[in-house]
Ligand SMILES: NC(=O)c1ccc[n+]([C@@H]2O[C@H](COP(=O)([O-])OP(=O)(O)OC[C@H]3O[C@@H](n4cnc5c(N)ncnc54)[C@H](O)[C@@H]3O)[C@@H](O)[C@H]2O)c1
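Below you'll find only one chain, the form predicted on its own, shown as structure tokens.
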């Protein structure tokens, strides 16, 4: 038996750690050839080396259109096409009152979390038009149920939902499906970036677990499983969907 993604080529951004690394690993396990893209090229290379299937890695700053153009050209030269694009790379912010947010920080959040998708539309989606494919944008449950102190991160993830809906309608004629996954909080490097380490982080972890009806935080494997489904032909009639993978956080 072949995997659900056999013969497909995928680009996964932010593939050097966390959700991206888990998605890249599951995709390869399902038969895909994965281009692991990450700002930290060494981390992406380490993940790609473990995958097989002709997978490879590229350093890429998704907020920089020239860097994304170079990634697309690499994919074109190496594979000739792209079947799956996972826009997973993102940055967060430390909790703070909205008035304390600096303009430069807000601009960087939108550059990496939102404008990066535009760069992918311009440079990568042309590689998908001949065969069609699947785009998966990573949003967050905080876009739907915002947490205090994260105003501009929440805003970027809400923008990703709107962009996903608009893309789904625009690219349907090209047989390119566009969906989003909304993870709950997970103990990934982004968690550490938000809450730091030590007693404060452990306190935050305990408080967050209590808000999840299923009694635990999201795991990277949970997000990867959802991504495999949305990328596969099993979801061939699904587009414009935002799938919460949050242990019931939205209803808790």
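On a predicted model such as this, the values are computed, not experimentally measured, just so you know. Positions refer to the first chain, counted from 1.
The next section is about a form of this same protein that is not shown, the form predicted together with this ligand.
Each of 40, 139 and 183 is positioned with at least one heavy atom within 4.5 Å of this ligand in the predicted bound form.
When this ligand is considered in the predicted bound form, residue 88 lines it closely, a heavy atom lying within 4.5 Å. In the predicted bound form, this ligand lies within 4.5 Å of some heavy atom of residue 189. Interface membership of residue 157, defined by any non-hydrogen atom within 4.5 Å of this ligand in the predicted bound form, is confirmed. Within 4.5 Å of any heavy atom of this ligand in the predicted bound form lies no heavy atom of residue 96. With the partner omitted here, the residue from 112, 163, 75, 125 that has a non-hydrogen atom within 4.5 angstroms of this ligand in the predicted bound form is 112. Of the residues 175, 145, 108, 81, just one reaches this ligand in the predicted bound form with a heavy atom at 4.5 Å or closer; this is 108. Contacts to this ligand in the predicted bound form (heavy atom within 4.5 Å) from stretch 63 to 86: 63 only.
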